[in-house]
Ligand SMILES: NCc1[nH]cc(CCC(=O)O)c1CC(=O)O
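Single chain ahead, by itself, as structure tokens, in the form predicted on its own.
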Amino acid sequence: MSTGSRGPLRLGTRKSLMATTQSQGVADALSRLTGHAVELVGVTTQGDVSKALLAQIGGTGVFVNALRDKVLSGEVDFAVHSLKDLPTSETPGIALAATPARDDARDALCGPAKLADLPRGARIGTGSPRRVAQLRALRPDLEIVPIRGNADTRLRKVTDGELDAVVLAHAGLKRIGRLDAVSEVFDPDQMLPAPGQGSLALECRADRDDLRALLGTIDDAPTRRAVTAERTVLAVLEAGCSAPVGTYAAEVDERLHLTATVAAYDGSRQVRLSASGHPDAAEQLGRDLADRLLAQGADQLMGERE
């Protein structure tokens, strides 16, 4: 199908409220900028149907592969993903056509109080080894409870008293209109987000040059450079999206500043380093920082679990 006048573009998306909300935002932006109609096509992924924790079912790609299959088969023209769900390795035939402007990349605590004010031994819910490791470094006394489910399901565990608090991505909470649940937003100095957190990724077939150009109208260059640096760290470390790796990059005064951490799962040790460079050298910046992390024993920390 060309991007001409043969009907609306078909956007493949997961079916959750958060996914359809962010996909609709992309559809609206594309229509506004290009005049093309866009329709959403719901797709169920392995990550949506499995009850296992992401770290147990492989983490990387479980929310992505089914959407990519639909793109490659031509059932949808392009797909919208949360960028932090994307594997860092390239998939033959698939192109990353656009990264729209990033939302707030930070993590948020949802509960009755800030982290420092929660009682000793408070029960905090998260399914992310990265958040577990950094929470334990901040508050070793906490009881970390593994959880799955969408944001509303997780928030309900707090209101029902099953948990004292949960940690979720600020961007996702904003997209579903639940910032009212946030008691604290973690500065990256406290908790580094996942590589690409707060960003979206638009993927289409690599041989669809016309479509790649059209989707590129909503690409945001500073976002792409920042997430390239972050995801290069993850790729060089050979860590999946369920690894205890946090990164954050941002452009300030025409320099790209990148910070990354690898933490032991029990929070006892972490390697945290920063670097800055020219924004056009984002990949090299990430590669160099990852090499420094490995030189300080980051690979040993990643292999440690309870």
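The shown structure was predicted, so the numbers you read here are calculated from the model rather than taken from an experiment. Residue positions are given as counts along the sequence shown, with the first one as 1.
From this point on, the text means the form predicted in complex with the named molecule, which you will not see here.
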Considering the named molecule in the model of the complex, find the one stretch among 91-99, 68-76, 224-232, 163-171 with heavy atoms no farther than 4.5 Å from it. 163-171
Given that the partner is absent here, does residue 85 sit within 4.5 Å of the named molecule in the model of the complex, heavy atoms only? yes
is_contact(residue 134, the named molecule) in the model of the complex, heavy atom dist at most 4.5 Å: no
I'd like to know if residue 18 sits close to the named molecule in the model of the complex, meaning any non-hydrogen atom pair within 4.5 angstroms. yes
Find out whether any non-hydrogen atom of residue 127 is located within 4.5 angstroms of the named molecule in the model of the complex, and reply yes or no. no
Within 4.5 Å of the named molecule in the model of the complex: residues from 175-214 (heavy atom criterion): 175, 197, 198, 199
